[in-house]
Structure formats: C-alpha cells, structure tokens
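Let's start with one chain on its own, the form predicted on its own, as structure tokens.
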Amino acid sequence: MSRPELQAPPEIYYGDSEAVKYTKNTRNQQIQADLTYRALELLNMPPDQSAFLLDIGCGSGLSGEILDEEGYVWAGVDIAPSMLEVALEREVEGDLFLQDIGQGLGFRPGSFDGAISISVLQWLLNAETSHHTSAPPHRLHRFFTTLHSALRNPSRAVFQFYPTSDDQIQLITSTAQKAGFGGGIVVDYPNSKKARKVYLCLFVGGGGGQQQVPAGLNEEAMDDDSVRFERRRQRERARDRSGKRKKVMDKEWILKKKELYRQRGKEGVPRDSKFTGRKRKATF
C-alpha cells in the first residue's frame, strides 16, 4: 500500500471517515503514544515545571492526551478539519488551530516552551501544485523560520517523521539550520527495519549548535538490565493507557497550571486554591 502522504494532501486524506477510523484504531493509539513519550524524552523539559508546548500536526489529540498526562499545557495545529472535529468531540484540553504549517505559523515570538511533532514532516515533502510556493524547500523554509520565532530562547523542538531517502533528511536538516536552529538527527534502533525511528531534535539558543544531540536508542548496545527496563517501561505505559490516566494532579501542580494559564492571557482563571487531587476537565 502506498504511503498516505503520496495518496492525497492531508486535509483530503484525513476526511471524516478516515479521521474517525484512525483515532479509534488501538494500534494507532499505541504507536502514537510510544512516539510521543519518546519525543518528550528527547525534548528533555525540566522536571516538575509547568510548560506550554506546541503539538505540530496534533490531529485528533492522541499526542495531546499524553501531554495532559505528563502535566503540560498545550496548543495544537493541524491542516485537516476533520481531525480537529474529532479532537473537539473528544474534548481534548489543548487549544486547537486550523493551520497549514507549510504557510508558516502565526504565533507571537517566544510563545512556546517547546514543541513536538509526530509523523508530520514528511507531508511537507510533496509539492501539491506547480507553483513555487508549493515546492518543499519553500514550505519547509516558511515553517522552520516561523517556528523558530514562536519558540522561546532556550528551548527545543522534536519531530518524529518518516523520510524515504537521505536526500529528504538533508533537505529538512539544512533548512532548519538556515532558519537558525541547532541540533540534528536522532535514529532509534538503526539496524532494525521494524523498530527504526527517525527524530529531528532542534535547539533554539542555549549554545545553539554547541548543544549535544541526544543519542539514539540501540538495543544491541544496551546491557541486559537496560533492555529489561525499556521493555518493562513499555508494558507499564500500555497498562496505564488501558485504564485510568496514570498521573495524579496534586494541589501544587494545579496551582502552577492556573498561573501558567494567567501568564498566557486566559481570562477568568479562578484564584482560589481548591483542588480535587485528580485530573479533570478544565473549566477555566
């Protein structure tokens, strides 16, 4: 079967029926969750601190649920209206924006503390028309320059994507570097056709290109204890997703989230300190 990005533009490919089908597929849910957890590991946010993240290509909010579980406030952008409709029906907690990232992002400078993106960048590598603005180099340039502006200094952005060639990887990394990013490619399990995953880990400020790109996972190089730990962690995550959400939101976390909402300009955020001690849908 042909890859989705080769069949139709994303806003067409992910129509109403496909958006619902994709979201309800348990295998897709599992893959999306695992990739999101790994992207957050590479993002390496300071522990126990509230942060405002951008989910690029948020779709129906599968990654957003993981961001919620990990205690982040987030906003998501996606080009497929049907995907965003599903996200609204699922009552995800992030703010959602209909946006073609190839035309650039419209956020104010320094809006976000970091960004993640799962299975999206490859969609920018196909020209939909013959106009020069549809060419992949132009769309990548618009995207990376506006993303660089939207991220605070210092910060990171992590993209998991599916390149089909080294030339595509070179085009993406060189365009990101020209936009001002440091960083590079991280490849997990490079010797496995099934498990191999490619991530682009980008840095804003904080030494730029002087920062060290994280190492990829390589099961062959791990000792037995590390392999067992990684497999146990994956099993625990699977159990967490099959039942109630694993993260318990205490009073301190809720107060931090309220304060972050105020800093981001949300109105009507309660100033009381009441809390339930468990995750619930925000009403402010």
Partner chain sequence: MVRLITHNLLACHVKGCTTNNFPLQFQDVQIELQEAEFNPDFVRNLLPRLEWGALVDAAKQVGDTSLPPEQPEMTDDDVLQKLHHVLLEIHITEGAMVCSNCKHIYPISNGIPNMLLSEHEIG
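Values in this document were obtained by computation on a predicted structure and should not be read as measured data. Numbering follows the first chain given and starts at 1.
There is another form of this protein, the form predicted in complex with its partner chain, and it is not shown here; the text below is about that form.
Peer 1: Can you check 197 to 205, 98 to 106, 184 to 192, 170 to 178 and let me know which stretch has heavy atoms within 4.5 Å of its partner chain in the predicted bound form?
Peer 2: That would be stretch 98 to 106.
Peer 1: Among Q29, L121 and H148, does every residue place a heavy atom within 4.5 Å of its partner chain in the predicted bound form?
Peer 2: Not a single listed residue reaches its partner chain in the predicted bound form, so no.
Peer 1: Only one of L43, L255, A51, L217 comes within 4.5 Å of its partner chain in the predicted bound form by heavy atoms, so just point that one out.
Peer 2: Exactly one listed residue reaches within 4.5 Å, namely A51.
Peer 1: At 4.5 Å between heavy atoms, is R90 in contact with its partner chain in the predicted bound form?
Peer 2: Because no heavy atom of R90 falls inside 4.5 Å of its partner chain in the predicted bound form, the answer is no.
Peer 1: Using heavy atoms and a 4.5 Å limit, would one call F112 a contact residue for its partner chain in the predicted bound form?
Peer 2: Residue-level check for F112: yes, a contact with its partner chain.
Peer 1: Do V158 and its partner chain come within 4.5 Å of each other in the predicted bound form, heavy atoms counted?
Peer 2: V158: no contact with its partner chain in the predicted bound form.
Peer 1: Taking heavy atoms only, is Q212 within 4.5 angstroms of its partner chain in the predicted bound form?
Peer 2: No, no contact at 4.5 Å.
Peer 1: Could you list which residues of 69 to 85 come within 4.5 Å of its partner chain in the predicted bound form, counting heavy atoms only?
Peer 2: Residues within 4.5 Å: V73, W74, A75, I79, L84.
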